[in-house]
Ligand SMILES: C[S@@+](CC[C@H](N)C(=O)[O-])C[C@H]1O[C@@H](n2cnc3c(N)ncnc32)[C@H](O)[C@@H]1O
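Form predicted on its own, single chain, as structure tokens, below.
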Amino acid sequence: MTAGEEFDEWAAAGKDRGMEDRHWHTAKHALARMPVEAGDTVLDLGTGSGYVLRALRETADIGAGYGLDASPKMVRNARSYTDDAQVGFLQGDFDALPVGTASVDHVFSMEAFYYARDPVHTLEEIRRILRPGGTFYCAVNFYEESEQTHHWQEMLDVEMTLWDSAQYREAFREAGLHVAEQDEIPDREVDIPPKEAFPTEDWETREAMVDRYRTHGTLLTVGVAPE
């Protein structure tokens, strides 16, 4: 199954709104760090419901915003959630970004980059489309240090790339991006019950839940295109 087919099923079931709610816990902190200025052009990779672009239009007054997703149904849903003429949504593949060279100020991706079939090539494509000094903010929950997420691969038919933080930095540099920043953003909005409430339906121990949401959360790697 392709990523587009997998997430067509999610979109048809209305799961795009659920992903938006969960991802916003840490995505908003990553977005707050982006050096976005009024009028900038932003590409959101794996846009889902398009919430990132809607937020950036409201808070940062970005110019053109483009959301790319492999799922036609996700793209259809995202279009239905806004009537903003400055925001557009495209169905496409991470291997060949349908964007002109040096035409984008910032690229953002939340919980989608690891679906790229050839992640290093995707980074090269991002490097190609970024203007000098442009940034790529790559946020993932599924990564090597976050052991509580590793079982996600068993739940999906799409192959996922499981890199550690050092591999992300190395791949960014290999693609020609300077690594300006990397850290883990904890999710402080998920409620963690007291120890006596465990095991729960989803968690055997409180320690495992703390590890997933507070210790690791979301890995953010920031790349900058050379001037």
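For clarity, every value in this text was computed on a predicted model and none was experimentally measured. One rule holds for the numbers: they count along the sequence shown, beginning at 1.
Omitted here: the form predicted together with the ligand. The next part is about that form.
- Between the ligand and the residues A70, L177, A60, M34, the one pair within 4.5 Å by heavy atoms in the model of the complex involves A70.
- Among the residues I129, L123, V87, A112, the one placing a heavy atom within 4.5 Å of the ligand in the model of the complex is A112.
- Stretch 45-53 is the answer when you ask which of 178-186, 194-202, 165-173, 45-53 has residues with heavy atoms within 4.5 Å of the ligand in the model of the complex.
- Using a 4.5 angstroms limit between non-hydrogen atoms, L219 is distant from the ligand in the model of the complex.
- At the 4.5 Å threshold, heavy atoms of D93 reach the ligand in the model of the complex.
- Although the partner is absent here, M74 sits close enough that one of its heavy atoms falls within 4.5 Å of the ligand in the model of the complex.
- Within this chain, A225 is remote from the site of the ligand in the model of the complex, having no heavy atom within 4.5 Å.
- Residues are counted as partner-facing when one of their heavy atoms sits within 4.5 Å of the ligand in the model of the complex; in 14-41 these are M19, E20, H23, in sequence order.
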